[in-house]
Ligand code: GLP
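What follows is one chain in structure tokens, specifically the form predicted on its own.
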Amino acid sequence: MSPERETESLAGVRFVRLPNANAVGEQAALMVANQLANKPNSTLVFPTGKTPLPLYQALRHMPELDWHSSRLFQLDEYVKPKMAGPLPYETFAEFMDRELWDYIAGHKFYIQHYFQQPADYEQLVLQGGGPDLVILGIGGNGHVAFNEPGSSPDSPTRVIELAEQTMVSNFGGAIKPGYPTQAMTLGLKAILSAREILLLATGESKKAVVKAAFSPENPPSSDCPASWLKRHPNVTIMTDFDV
């Protein structure tokens, strides 16, 4: 893997530029491994989507990691629409099981069990003073988790209406019958309580939104929820493009 290139452009934000998406995943896996080595009972929050796939592949190939005492949480989950028959999409729980959780130990918490009690899920995440490491992606409209535009930095864990841009992006085109229009998301308040945040962004399509969110010239704004991360003292942003 080529050496990483780091730049410091904001007080608490460290940018790490790597040569490709696989290198981003490998470097992110080392961060997770270091966290578990330093604190075996870490609270870790994981995202879904294409971006973290190399991370999960790398973690699956680290059999030396001891997950037994860790507490593992989902970042978000679709709220199932009221319909009969099989779902036309994959839940995030199914994704996490397939990509990582079926391969490792640890205490695993699924958002789908808390759709009626979002505050209870948040309280579980916050036990022990907040999560040790929250891993994020970033949406084309600047959302992190499913904190869509309009989300404030003190937004709680909640069920939220998905933005049309998000639904079109996630479901491969036009909005289709049977696909979810709501999701439950860890709120920005809980995310910002983390001791460390790692944001992964790969592919040229994410370059513009990362620049918009983290440019020093742009103040944090609810129009781009990811920009609130600039208020956090310990954020690493790993990309395969220059910011």
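Worth saying up front: this structure is predicted, and the values here are computed from it rather than measured. The first residue of the shown sequence is 1; numbering continues from there.
What comes next is about the form predicted together with this ligand, which is not displayed.
Of the residues given (160, 75, 133, 72), 75 alone sits with a heavy atom within 4.5 Å of this ligand in the predicted bound form. Screening 162 to 170, 97 to 105, 82 to 90, 112 to 120 for residues having heavy atoms within 4.5 Å of this ligand in the predicted bound form returns a single hit, 162 to 170.
Remark: residue 138 counts among the residues lining this ligand in the predicted bound form, judged by a heavy atom distance of 4.5 Å or less.
Contact annotation: residue 27 falls outside 4.5 Å of this ligand in the predicted bound form, judged by heavy atom distances. By the criterion of a heavy atom within 4.5 Å, residue 68 is excluded from the residues contacting this ligand in the predicted bound form. Interface residue remark: residue 39 is not counted as part of the site for this ligand in the predicted bound form, having no heavy atom within 4.5 Å. Residues from 220 to 243 do not approach this ligand in the predicted bound form: none has a non-hydrogen atom within 4.5 Å of it.
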